[in-house]
Ligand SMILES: Nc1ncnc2c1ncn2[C@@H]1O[C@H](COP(=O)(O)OP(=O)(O)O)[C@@H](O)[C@H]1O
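Shown next as C-alpha cells: one chain only, the form predicted on its own.
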Amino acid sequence: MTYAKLQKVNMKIALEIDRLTKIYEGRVNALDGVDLEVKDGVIFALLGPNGSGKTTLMRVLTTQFRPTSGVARAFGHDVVREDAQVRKIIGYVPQEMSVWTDITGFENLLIYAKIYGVSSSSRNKCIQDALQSMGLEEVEGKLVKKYSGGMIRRLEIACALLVKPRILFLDEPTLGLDPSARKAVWENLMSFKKEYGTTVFFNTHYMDEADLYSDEVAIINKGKIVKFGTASDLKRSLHSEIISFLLADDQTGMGRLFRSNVLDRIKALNLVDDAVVHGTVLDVTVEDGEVALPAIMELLNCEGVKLKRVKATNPTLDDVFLKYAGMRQQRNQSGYHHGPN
C-alpha cells in the first residue's frame, strides 16, 4: 500500500496546539490563545505580517521557547515536558545561516550527523541520502562559500533531513532566493516529503509558495489564528472578484479620477466592497463582477475617465492575506499581485 493510501486510512495528528500563549516581559502577547491542529504528512503554511507571532510559534513548537500557558504536542509528546523526545522527531531550519562556509558541504553534514548522534556505521549513508534528497551530490566536495544562495539553502535543509524527521520546520525557507532557486528548493522538498511522508510546517511571506505547495494554510495576526483552511477554501471565503482598470496616465485618466472625486463615488456604489489605486491601476473589489462592471464603467465614462485596459480576476491568496491580516499587497500594472518582501 502506498504512503498516500495509508495516509487516508489512518490520518494522524502531527501537531496539537491548545490555547497556547506567550507573553514577553509580562506585557506583550506574542501568542494569544492559539488553537491549531496539523495533520500528519501534510505541507502546512503559516502566514502573517511581521510581528504577528509566526516565528514565536515555531520556536515554541521546536522547544526553543517555553510558552507562558497552554499546551503544544508533536505526535503526542508535550513540547515542554517531553522536549528531548520532541527534538528526536523534528528537524528545524532557521532563517539565519546555519552552515559553515569555509568547509565543504559533506563536512557540514558530517558535523551535523555527529551532533544528531547518527551512528558511525550509518553516518555515510545518511549523508548521501540527504545530499541526494536536496540534489547536492555533485557539489558535496566543494567549499560552501562557492555555493549559490539556493544551494546553501538546500544544504541547510539537507542537514535537517539527516535524521529523516517526522516533522520538518522551515522558517522562511526561500527568503531572498531568485525564482529558479526557490523552485529547486521546493521540488526537492516535495520529493523528500513524498518518499518519507514527512510533515512540513513552514512560514513564508511568499503567497505564491503557500498557494502552490501547501495542503493547508493558517493566517496568524496579533498572536491569534484568524483563518484556517486550504488555499482554495480561503480564496472562496472572500465571495468577491477584483476588477482592475488600467488608467490613462494623463489628465483624462489619473487626473480626472482624483479631480472629480470619482474614487469616492465608486466606493459608494452598493455593488462595490472597496476601491484602491496602485500607481495607474484602479482595483475595485465586488461580489459579482458581471453585475457591477456596467455600473462602474458608466460612472467612469460619464466622468470622462479614460482607460487602457480592464481585467477581472478571482481573489488570490494575497487578497485573503489582505482581508484577514490587514496587510496591503502591491500590484503591478497588469493587475497581478507581488508578495511582500
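This one's a predicted model, so the numbers in the text were calculated from it and none came from an experiment. In this text, the rigid core denotes the largest set of C-alpha atoms whose superposition between the two forms falls within 1.5 Å. From 1 onward, residues are counted along the sequence shown.
Beyond what is shown, the protein has a form predicted in complex with the named molecule; the following relates to that form.
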All three of Pro165, Leu168 and Trp186 touching the named molecule in the predicted complex at 4.5 Å, heavy atom to heavy atom? no
Among 311-319, 294-302, 42-50, 278-286, the region lying within 4.5 Å of the named molecule in the predicted complex by heavy atom distance: 42-50
I'd like to know whether Val28 contacts the named molecule in the predicted complex, with contact meaning heavy atoms within 4.5 angstroms. yes
My question is simply whether Thr55 lines the interface with the named molecule in the predicted complex - judged by any non-hydrogen atom within 4.5 Å. yes
Taking the rigid core as reference, does Ala312 move its C-alpha 2 Å or further between the shown form and the other one? no
